[in-house]
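This document opens with one chain alone, in structure tokens, the form predicted on its own.
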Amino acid sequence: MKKKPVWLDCDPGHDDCFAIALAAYHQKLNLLGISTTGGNQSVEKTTSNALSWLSHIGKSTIPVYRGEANPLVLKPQICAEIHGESGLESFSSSQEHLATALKPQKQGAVSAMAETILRSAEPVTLIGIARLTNIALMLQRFPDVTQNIEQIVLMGGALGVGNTQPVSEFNIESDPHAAEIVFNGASQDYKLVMIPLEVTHRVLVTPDIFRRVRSLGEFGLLCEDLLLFFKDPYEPVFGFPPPPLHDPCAVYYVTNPEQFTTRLVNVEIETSSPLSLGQTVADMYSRTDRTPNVIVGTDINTERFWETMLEALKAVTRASDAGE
């Protein structure tokens, strides 16, 4: 099977780790590299988390590039209330010995991402599951890169209610000016897919999913710990007894787009309003004359998603058992 080349831009983060596992072990994908940015925690911590997680799942040969620490305009914000002091609680404390041993590539993320995409023999799909600073800077500094981008698939945005602000989702709200650059180039220069909260909030880690994760043995128990830490903040704030698993949804779209319901609509980014900074303003009913520019996810086959996600986690376990 010919594998699809992909690049993952992330800020690990508990759900990022499941996205990394899916991208690294799915039989349809060739994960060319990973870039990091500040977001769930500082870029120093998210980079360390990415390296440690790749080492743990037997994929330390995948190169990791440290990206931008700060948004383009706004002051940086992190999400410690969800992901903890390290950005990856329940894992990082047990992997402290790796933090000094593992190092990112010396090249910066923005140029590395552009060079990798430009030299790829096949068009590359760029998966963004963090704020869009790295991607926006790449598009600005290396405009020719769009010639070899098949599509950009994002986990971010909301069609209605947000999660860190009333109508704004964290990845977009934490750097709306970067998001504006990425969304403004969509449809004309590349295909852009947005997987919003309305989709990711359907992908819940139910008691049955916890049971199936636990059944994977030692690695499954670690995954359960990660999901349980992620679960605790969601219930009191958002009323989710089972927590949602956001970031792998974007990776899953790349492997199985037919398992999503989507619509092509115009999406603009709010960059100035104090009430709705970072809102993804989606013209779902064509109430304006703005050109549709984004494929927006509206639903997902959750059963098929979990089959694929659990198969990737099983592949990690098999690789570990084989000593890879």
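Don't overthink the numbering: it's just position in the shown sequence, from 1. For clarity, every value in this text was computed on a predicted model and none was experimentally measured.
Although it is not shown, the form predicted together with a small molecule is what the next lines describe.
- Between the small molecule and the residues Ile129, Val193, Cys223, Val124, the one pair within 4.5 Å by heavy atoms in the predicted complex involves Ile129.
- Proximity to the small molecule in the predicted complex, defined as a heavy atom within 4.5 Å, holds among Leu197, Leu102, Val213, Leu227 only for Leu197.
- Screening 138-146, 67-75, 166-174, 214-222 for residues having heavy atoms within 4.5 Å of the small molecule in the predicted complex returns a single hit, 166-174.
- Interface membership of Asn40, defined by any non-hydrogen atom within 4.5 Å of the small molecule in the predicted complex, is confirmed.
- Taking non-hydrogen atoms only, Met155 approaches the small molecule to within 4.5 angstroms in the predicted complex.
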